[in-house]
Structures are given as structure tokens and as C-alpha cells.
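Both blocks below hold the same protein chain, though in two forms, and each is given as C-alpha cells: structure 1 and structure 2.
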Structure 1
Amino acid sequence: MMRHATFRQLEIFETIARLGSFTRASEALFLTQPTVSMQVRKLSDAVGLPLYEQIGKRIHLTDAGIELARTAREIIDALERMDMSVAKMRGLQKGRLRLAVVTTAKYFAPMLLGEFSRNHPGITLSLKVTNRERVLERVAENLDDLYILSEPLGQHDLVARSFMENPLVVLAPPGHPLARRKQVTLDLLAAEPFLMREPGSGTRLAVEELFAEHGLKLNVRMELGSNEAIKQAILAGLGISVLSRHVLVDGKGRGDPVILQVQGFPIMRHWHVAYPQGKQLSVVAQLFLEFLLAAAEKSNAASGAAVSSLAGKARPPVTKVRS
């Protein structure tokens, strides 16, 4: 019977399910592999059903294992929320924040976390950087507290708040013929070889939508898997591209791609902090959410600028996004 299962056994099994490996789970939990294996066997006996299959070196959860991993994660999350709530009642600020962001957000997310950490040094931070598709998968699996992504349209119901503008600009190598023009038309741009992220990328979707509205089609020369690869390909003269202006924030201005002045650009998108509809935020997640929105409001009030390193516009209302 499940009532004979211990919290430690659930924690071990949830870690195995999340990491996909007994070895990685034992390392993460600072336990020996025999201990991990023994606790999982006891848990499987308590459930009365096999929880996983091992094919080669890979672990595959059974239906019972998938359901148990989901339940274990809910129990662990609930206990973490309780721990953080009690800490807050005691006047302490500690706990854990798990943040997952799309690849482009890596150019500013560490700065945001750095400032948050200075204000709340007792909080442990975890940052996962991956592509948009994987972020949406993590949303579905409820693996993180909060998510940062541009236009949060996907396969899932989300509650999203805009906290910073995300201008998409056209980048070309220095000395490109179009760099001398004060206004480049979309017709001229459509003739240029484009370097693009993979299909499904939020930036690519925005560009394809703009060109389609004008009856134009992108001349995609090459698809690359990262913004840095695209920047280097631009500098190598392989083509032009559209990327977030934020990919240039760490540049020194020397040897960077140049921004073309193009009709319809910049395409103004927004960065959003999001979480699944119906999710109960932990005390720490709520604290970070309030930090982002307060930083955005403060920056907007101080400068009146549309884009800054911490914020774009004043706090907007909650947006429920349903695809």
C-alpha cells in the first residue's frame, strides 16, 4: 500500500524520473547507487506495480511510474511551499527558485537573477536555458516555478505578464550594401539570403508573419540552432538575419553585426514571465514575479524609455493566454 512509502523514497524516485538516470539521481542526492536502487525497489513493492523498465542504459517509466512521479512532484512542491511560507512567517527569506528561459533570454536573465540574489541572498537559484519548444515541454511537465519567453503562445494555457520590450531587428555584416541605406524595403530584404533559427522559433514565426502579410517569402539560406551561431554566420558573410536586439547587449560594438534600417522594423515584441494557469506559486516565485514587475515599473517611471536593461513598460494587467 502507498501509505507505507516514505517521503525519501518519493524524493529519490522523482529525481530519477526527472533526470532519467539512477547514476545522476544518486549524484544529485549524494547517495550511493545501491541505496537508490534499494529504496526504489521498496517503493515499487509498496505500489505493487513495476515503476520503470530499463532498456540498455535508458530508464523508461511505466504508466504507474509516470503517475507516481507526477504525484511525488506535487507532494515535494507542496512541502517546499509550506517550508517557504513558514520561513516567511519567521521573517526569513530562503527557499529555491527554478526559472526556465528561452535561449535569447540568457542575455539578460542572469543580470535579473543577480540583482534578485543580492536582495535575497538566502534563496537558491536554478536557471535552465533551452529552446522555445523545450520550455513549453517543461511547462507541461511542471518542472519549474516560472518561465521567461517572448509571445507566450503555444500548446498550453498560461498566465503571462509582460515585463520588458523585445525589439526584433535585422542584422547584417559591417559593410553590407544595405547598411548604407536609410530605409530598406521588405522587397529588397526578401531577395537577401536569410539565416534563421529552427522552425517553431518565436523570432522566426514573427518574421514569417510580417513577410506573409506583405505577400513575400523568406529566402532561407541556412538554419542554425543558436543565436551565437547566427551572429558568427552573419559576420562570415553567409547572410542576414532577424534577432532580438538583446543579443547585442554583451557586445563591445566592435566586430558585431550592424542593425539595418528596414521598413516595418523593429518588430516590437515583449518578454513575458509566465506560469501554467491554475499553478499555485511558491512564496519565492511570487517574490521574483513581484521583483520583475516592480523593476519594470521603476525603470519606466525613471526614464520613460520603451526598452531598458531591466524593464520596458509599466506593469500591465494579467494576460491569460490560450491557444
Structure 2
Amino acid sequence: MMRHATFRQLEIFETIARLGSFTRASEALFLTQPTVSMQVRKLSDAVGLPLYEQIGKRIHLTDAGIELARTAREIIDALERMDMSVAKMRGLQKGRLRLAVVTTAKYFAPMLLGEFSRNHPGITLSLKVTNRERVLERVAENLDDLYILSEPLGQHDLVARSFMENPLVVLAPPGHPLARRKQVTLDLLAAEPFLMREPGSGTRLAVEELFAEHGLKLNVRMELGSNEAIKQAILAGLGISVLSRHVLVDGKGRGDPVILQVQGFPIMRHWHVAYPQGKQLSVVAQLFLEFLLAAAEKSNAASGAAVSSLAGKARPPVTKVRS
């Protein structure tokens, strides 16, 4: 019976589920592998069903295992929230903030975390940077406190607040023949060798949507899994691409690609800070959310401050998104 399971067993199992391996879980928890295996066996007995299958070195959770990992996560989260609330009652600001952001957000998220951390030194931070598809998987698995991504519409049951513009621009190497044109048509762009982000990227999705709307097909020369790699490939003359303006140092920095003036561009996306509907935010997550929105607001007013090009106040502050 589940009542016989211990908190430690649940914590061990949640770590295995999250890291996908007994070895990594035992390292993370500073336990020996036999201890981890024994505790999981006891837990499996308490549930009365197998919790995982092992194929090669990989662990695959069974349906019971997935359900148990989710429950364990909820229990651990609830206790962490309790810890943070108690710390707050004592006048302390302690706790942990787990943030997962899409790749382009890495250009501004560390700066925001730096400022937040200076104001709240007692808070430990973790930042996961990955593509849109993987961020949405993490939302479904409830792995983090808050998420930063563009246009979460129609994806999941999310509460999302828009806080900054994310313009996608067409980038070419300096001196590219199209750089002299005042207005480049989409057909002309479609003929150029194009450097595309990997499947699962939100940037790629936006580009594909725009070209599909116009019945055009891109001439994809190469697929690359990182904004920085694409930027370097553009400079190396391998092709042009569409990336967030955030990848440029200041929009006119030396050694940066140049922005082409193309019909339909920039594709104006908006950064959102989001969390699953019904999720109870911890004291620390709430604090960061408020900090982020206040920083956006301040920068918006000052326009040109560190967090630049902020979303207009005309946008609705709260977007409830249902799939």
C-alpha cells in the first residue's frame, strides 16, 4: 500500500524519473546504487506494480511509474513551498527557483537572474535552456517553477503573461547584395540559401508559418541546432536566416550579421512568462514573476534600458491560454 512508502523513497524515485537513470540519481542524492535500487524495489512493492522497464542503460517508466513520479513531484513541491512560506514568516527569503527558457531567452534571462539574485542572495537558482518543444514537454512534466517562451497560444493549459517583444528578423552577412535593397520580397528571400533551426524550435515554427501562408517554400541549405551556430554560419557566408533580434549584440555591433528589410518582417512575437494552470506558485516563484514584470514595466517606461524593446502596454497583461 502506498501509505507504507516513505518520503525518501518518493524523492529517490522522482530523481530517477527526472534524470532518467539510477546512476545519475544515486550521484545526485549522494547514495550508493544498491541503496537506490533497494528503495525503489520497496516502493514498487508498496504500489503493487512495476514502475519502470530497463532497456539497455535507459530507464522507461511504466504508466504506474509516470503517475507515481507526478505524485512525488507534487508532494516535494508542496513541501518546498511550505519551507519557503515558513522562511518568509521568519522574515527570511530562502528557497529555490527553477526556470526553464527557450534558447533565445538565454540572451537576457541570465542578466535578469543576476539582478534578482543580487536582491535576494538567499535564493538558489537553476536555469534550463532548451528549445520550445522541450520547454513544453517540461511544462507537461511539471519540472520547473516558471517558463519563458514566445507565443504559448494553443499549446497547453498555461497562464501566460506577455512581458517583452521578440522580433524575428532576416539576417545576412554584411555586404550581401540584398542588404542594399529598401524592400526585399518574400519570393526573393525564398530563393536564397537558408539556414534553418532544428525541428521543435519556436523560431523555425514561426518562419515556416509565414512562408506557408504565402505559399512559398524555403531553400533550406543547412539545419543547425543553435542560434549562435546559425549566426556564425551566416557570417561565414553559408546563407541567410531568420532569428530573434536578441542574438545581435546591439543591432549594429561589428561582427554581427546585418538585418535585411523584408516584406512581412519583423515577425513580431512576444516573450511570455508562463506556468501551468492550477499550479501553486511558491513564494520565490511569485517573487520572480513580480520582479520580471516590474523590470519589464520599468524598462518599458525608460525604453532603452537593459531589458530593451519591451512589449507595449496595449497588450493584455494576462493571457489565459487553453489548448
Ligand code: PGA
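Predicted, not measured: the structure shown is a model, and the values here were computed from it. Rigid core (definition): largest C-alpha set, two forms, superposition within 1.5 Å. All residue numbers here refer to structure 1's sequence, counted from 1.
These are two forms of one chain. I'd like to know which is the form predicted together with the ligand.
The chain shown as structure 2 is the form predicted together with the ligand.
Aligning on the core only, does the CA of Tyr275 end up 2 angstroms or more away between structure 1 and structure 2?
Moves: no, less than 2 Å.
Taking the rigid core as the reference frame, is the Cα of Gly122 displaced by 2 Å or more between structure 1 and structure 2?
Gly122 C-alpha, core-superposed: shift of less than 2 Å.
For Gln263, state whether the C-alpha moves by 2 Å or more between structure 1 and structure 2 after rigid core superposition.
Yes, its C-alpha moves 2 Å or more.
Report, in Å with one decimal, the C-alpha displacement of Pro167 between structure 1 and structure 2 after core superposition.
For Pro167, the alpha-carbon shift amounts to 2.5 Å.
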